[in-house]
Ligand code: DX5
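Starting off, we have a lone chain in the form predicted alone, written out as structure tokens.
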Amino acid sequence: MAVKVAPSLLSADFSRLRDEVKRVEENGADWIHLDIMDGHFVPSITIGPVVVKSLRPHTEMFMDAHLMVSEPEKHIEEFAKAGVNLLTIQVEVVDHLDRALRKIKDLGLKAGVALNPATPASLLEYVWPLLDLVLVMSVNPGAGGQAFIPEVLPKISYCAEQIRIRGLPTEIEVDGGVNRETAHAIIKAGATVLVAGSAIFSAEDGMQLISEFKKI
């Protein structure tokens, strides 16, 4: 089965977001990845639910929102109302992970957990059945255009093995430094969803990457 491609709007032209969404959709993207940053958990501030809500009527694409915020539980309902399909929260900042994941699913959304590069996947031991997605960060969150951290590859493989053992349909998403040079190793390790921002939006031939990734 071909890997899914989720272009990250973090690297898109923010003055024409609707057109950028249409552009990747027309070039075969499967999902749209939304990087939600609060200026606290990470230094940057990006988009919020108002922007997401304004984009929703212009596309039927699956919206994958990654909450890089300090108190994600407080924002779950507003992003659900804005029209996202999947909410991913950072395990490092959630006091009650089981409760937060159940809240996301109770609102009819798919639920995901993100792991920073230095965060062990063993923290997911007791929530695997609740996870529709695990996001392995292959850079430290907060900015686009960073270089891939190869030390996360064994973590991707570990997650793939845990999913296989349990017979779950959980997706493995990888975000950070995903490009022509790194994609093969990432997919070989077990990733099923690739997030790419600058590689797609900032390069002259970036849109071609969407179809290239699917052929790996």
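Just so it is clear, the structure is predicted and the values come from calculations on it, not from any experiment. The first residue of the sequence shown is number 1, and the count goes up from there.
Beyond what is shown, the protein has a form predicted in complex with D-xylitol-5-phosphate (DX5); the following relates to that form.
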Exercise. Once the site C-alphas are superposed and D-xylitol-5-phosphate (DX5) is modelled as in the predicted complex, is the result open or blocked, blocked being 3 or more ligand atoms within 2.4 Å of any backbone or C-beta atom of this form?
Worked result: open
Problem set entry | D-xylitol-5-phosphate (DX5) in the predicted complex: contacting segment from 184-192, 168-176, 47-55, 155-163, heavy atom within 4.5 Å | 168-176
For this session: Would you check, heavy atoms only and a 4.5 Å threshold, whether residue 21 touches D-xylitol-5-phosphate (DX5) in the predicted complex?
Result: no
Exercise. Hey, in the predicted complex, is residue 85 touching D-xylitol-5-phosphate (DX5), heavy atoms inside 4.5 Å?
Worked result: no
For this session: Examine residue 208 and determine whether its closest non-hydrogen atom to D-xylitol-5-phosphate (DX5) in the predicted complex is within 4.5 angstroms.
Result: no
Exercise. If you check in the predicted complex, is residue 37 within 4.5 Å of D-xylitol-5-phosphate (DX5), heavy atoms only?
Worked result: yes
For this session: Select from the listed residues 137, 121, 101, 80 the one whose heavy atoms reach within 4.5 Å of D-xylitol-5-phosphate (DX5) in the predicted complex.
Result: 137
Exercise. Of the options 93, 143, 107, 97, which one has a non-hydrogen atom that comes within 4.5 Å of D-xylitol-5-phosphate (DX5) in the predicted complex?
Worked result: 143
Problem set entry | Sequence-ordered list of residues in 1-35 near D-xylitol-5-phosphate (DX5) in the predicted complex, where near means a heavy atom within 4.5 Å | 8, 10, 11, 33, 35
